[in-house]
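One chain comes next, on its own, written out as structure tokens in the form predicted alone.
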């Protein structure tokens, strides 16, 4: 592939159609459960009580299932009414099921009351109350239930869930957002040419690019107000926030090549970071400590993944340099634990999702069904959202990188450029 051809292909990949609230920092109390090491503890969600009981139970069961860290155990038909007696769990029934824990949520006037029971010790392991709005405020009410699910998973497994997160993506040249369980789909921008969305680290703002006129936009999700941060001649693409949220790094080019620039949210002129010498340098992603940036560059004559210091120095090729029709790596996303970078790689003429270790440079292919592109990590570092055509139309799918389990997140018109949110305290 010639340099000019690969440059056009890379720009096409980027430009074809191209949280709210503070980060949640609460932590649950870890409860002691007895179950075999290497297995997922079995959890029974008992019938809920109060207003919206069936919905609450269904949401929590799905949240725990999607977290992939516990085994949600179903009660047999007709057993639900016998699962508890006089507010005391039916220990014998739960033990026969092999459950390590049982959970019951009660809807109260003040919110949600959670009780977690240790089946082995036949004791109440955790009692917790969660504030929640009225069910008429559906988005906020669902967010409260998701928050309960995340704390529940953490109390059982030690790892916080991602139910109370959301995913940005591009569809019909607008920016959309959807809850991590596929519900509460909403458009965040008007019809236009918006693309490449990214979350502010605090979850209350997003940034994205506009193609016509070409510019970088930041938008406050609390009031929907958007403003132009960078604009001018040429292209402005693939913005991401700095790890401290004080500015944005983006791709900008006029005639020959695209380089990475940084600009403060307060405004001013963009400062150049990369020196691509006519190549395209785009799709930046920060390491968790903010010291390094991974990005896509065509400086070798075709797209590969590189890293550099946050000030643009010490550039290093991350992916092994290859040539030929499969030499195309793009769309990097640095994992939350800092150990690997996910990206798309052309294999046999189609894109697949891969990871590369930062220390050993070991490559791992994660997908093989259909064409799979544009990975974005969940804040738990275990799940990835990506674009796949395996259902016939490009949709968002979620992958558990440990088990290989996948689930479809969106349906409808084709999508692009997903971005998984940080942990959210309200949305």
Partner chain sequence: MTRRTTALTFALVLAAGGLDACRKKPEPQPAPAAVPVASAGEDHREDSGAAMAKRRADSIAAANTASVARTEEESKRTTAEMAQVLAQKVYFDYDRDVLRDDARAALDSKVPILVANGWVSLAITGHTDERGTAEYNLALGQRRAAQVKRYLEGKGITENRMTTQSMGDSQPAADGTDEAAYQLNRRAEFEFPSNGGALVRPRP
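What you see is a predicted model; the values in this text were computed from it and never measured. Residue numbers count along the first chain shown, from 1.
Omitted from view is the form predicted together with the partner chain, to which the following refers.
Not one of 162, 247 and 334 is positioned with any heavy atom within 4.5 Å of the partner chain in the predicted bound form.
Contact with the partner chain in the predicted bound form, defined as any heavy atom within 4.5 Å, is confined among 342-350, 120-128, 106-114, 93-101 to 342-350. Contact annotation: of the candidates 235, 293, 156, 206, the single residue with a non-hydrogen atom within 4.5 angstroms of the partner chain in the predicted bound form is 235. Checked against the partner chain in the predicted bound form, the candidates 134, 264, 185, 254 yield a single residue with a heavy atom inside 4.5 Å, and that residue is 254.
In the predicted bound form, the partner chain sits within 4.5 Å of a heavy atom of residue 283. Contact check for residue 211: a non-hydrogen atom falls within 4.5 Å of the partner chain in the predicted bound form. The partner chain in the predicted bound form comes within 4.5 Å of a heavy atom belonging to residue 330. The shortest heavy atom separation between residue 417 and the partner chain in the predicted bound form is within 4.5 Å. Shown here without the partner chain, the chain has only 196 in 184-201 lying with a heavy atom within 4.5 Å of that partner in the predicted bound form.
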